[in-house]
Each structure stands twice: as structure tokens, then as C-alpha cells.
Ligand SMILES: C[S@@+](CC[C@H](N)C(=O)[O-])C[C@H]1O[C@@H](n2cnc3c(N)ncnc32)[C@H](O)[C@@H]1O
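In C-alpha cells, the next block holds one chain alone, the form predicted on its own.
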């Protein structure tokens, strides 16, 4: 241990390597070599909370302590960001509403069942947004409809289940949407309306451990936006394999606008909608990364 100028312990190269590799093995999140200081800064509060004096002790805590599992999840929360808000990336949402939902309505007319997955849903804004779009479409009244949100962080899932938000989460929400889908709790606090909440479920899911996930149903559409950016190529391919297997043939995959499947998978087909580009699992075919 070496004293840092703040009086906090400095992470040495070996401690960084051990923690980086341990995090990667657990959830596939890649901490780049140039992010040692970022990791050190974000984990300092954890050392202080646990009364540890150096990162080597913290690594051993994560490996061997009886409370290692919840602490590892807390560490992952510290190393990732959960920046999201309602009605994010409106062009893609409009394409989903105007062009994808009519296709899913026709395709599922016999079963009258619809499943949408918000993978890496963070504090729930995206999952609730999708439920609002389904409601607004008027296409699925009387159907068996569920939007499932999953995340590796139990802390943000607790926020999602509570369904209460402040101004930051609502910065792209119109006054009309605010009045239709939220209940005012105070001058700077709203709650998602109960009929929207009833369409949404949440569950813990490490996307690198598909057998332990909360998502048991086959999905008609998956939103996995700005999640792959945390992974390296092998981990991204594992996530895409999981999504491919969860999607019904003909089901849709929506990524963030800065993400694509180049050099990751050839098994999703690119669909040119009028308003956006999305991916789709072909009706027939198998996985071949």
C-alpha cells in the first residue's frame, strides 16, 4: 500500500490486474488498462465502507468473504454507470411503435400474447417507456402483455420497482406524457401510473450467466441499448447468443445508436425500417458467431 495524496490507498498494478480479471470473470465487463485510476476512485468508498486499508484486502474480500456476492454486485454498480431516462432515443422508439408493433400484432394475433425484454434496464425508465408505448398504440387491449426489465444491479432494480422518479429521468418527457402516465407526488417527484406498472416486471440477471437469469419467456423484441459497450468481443458474443436464443424467430433486437453487430454476429438480419435500422432473428437459421 502506498499513500495517495488524498490519504486513501493507491491501487498498484497487480491489484488492478487481479480486480480487473475477477470482475471480467464474473460478468464480462472489461475494465481497460487505462482505467486503473477510474477503478481505484470508484472503489475507494467500498474500502472505506468495509474498513479495509488496501485493494489487495478488498480483492481477498471479494474472493473469500461470506458476504462476497453482494459486495461484488456493489462493486459492479460502482464500476458501471446507469445513465438513462424516459423516452430516450425517440427515433428508434417511434420506429418501434409505428413499424415493429404492427408486425408483432399481426404475427401474434392468434396467441394474443406479447413479450418485450429491456436487458440492462437500469432503474426502469426504458422498461416503463416501452409499456407506455404499448399502451399508447391501442393494439394490445385484452392481450397477455409483459415488459420484462433485467439488470445486474439489485440496487437499481429496487429503484425500478418503486417506480418513482425526479426531473433528470423526465428530461425528454413531454407535458402530455407526464399527465398521461405519471402521478404527481410532489413538486419534483412523480410515480409511474399503476396500469403501466402492472405491465412491467423486473428481475436480476447477469447476462454472462444465462442459466441464472430472470428472463424465462421467449421474447418478441429485445431492447439492449448501450449495454454491449461494457464488454469485450467474446463477452458481447455471449450476450448476443443469449438474446438470439431468447428471441422468437422473427423477433426484433434494438441496440443503442452507437452499437452494431459488425464482427460480432452474422445471424441477425439488418432490417431497414423507414425511421431506423434494427436487427431481427431470421425466421429460420442457427447461431454462428
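As the structure is a computational prediction, the values presented were derived from the model and not from experiment. Positions refer to the first chain, counted from 1.
Keep in mind that the form predicted in complex with the ligand is not shown, yet the notes after this line are about it.
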Segment that reaches the ligand in the predicted complex - one of 37-45, 224-232, 52-60, 244-252, heavy atoms within 4.5 Å:
224-232
Would you please decide whether residue 207 lies within 4.5 angstroms of the ligand in the predicted complex, comparing each non-hydrogen atom pair?
yes
Wondering, does residue 130 line up within 4.5 Å of the ligand in the predicted complex on heavy atoms?
no
Heavy atom to heavy atom, is residue 240 within 4.5 Å of the ligand in the predicted complex?
no
At the 4.5 Å heavy atom threshold, is residue 261 in contact with the ligand in the predicted complex?
no
Of 141, 136, 83, 194, the only residue with a heavy atom within 4.5 Å of the ligand in the predicted complex is 83
Tell me, out of 94, 218, 113, 88, which residue has a non-hydrogen atom within 4.5 angstroms of the ligand in the predicted complex.
88
Members of 15-33 lying within 4.5 angstroms of the ligand, judged by heavy atom, in the predicted complex:
27, 29
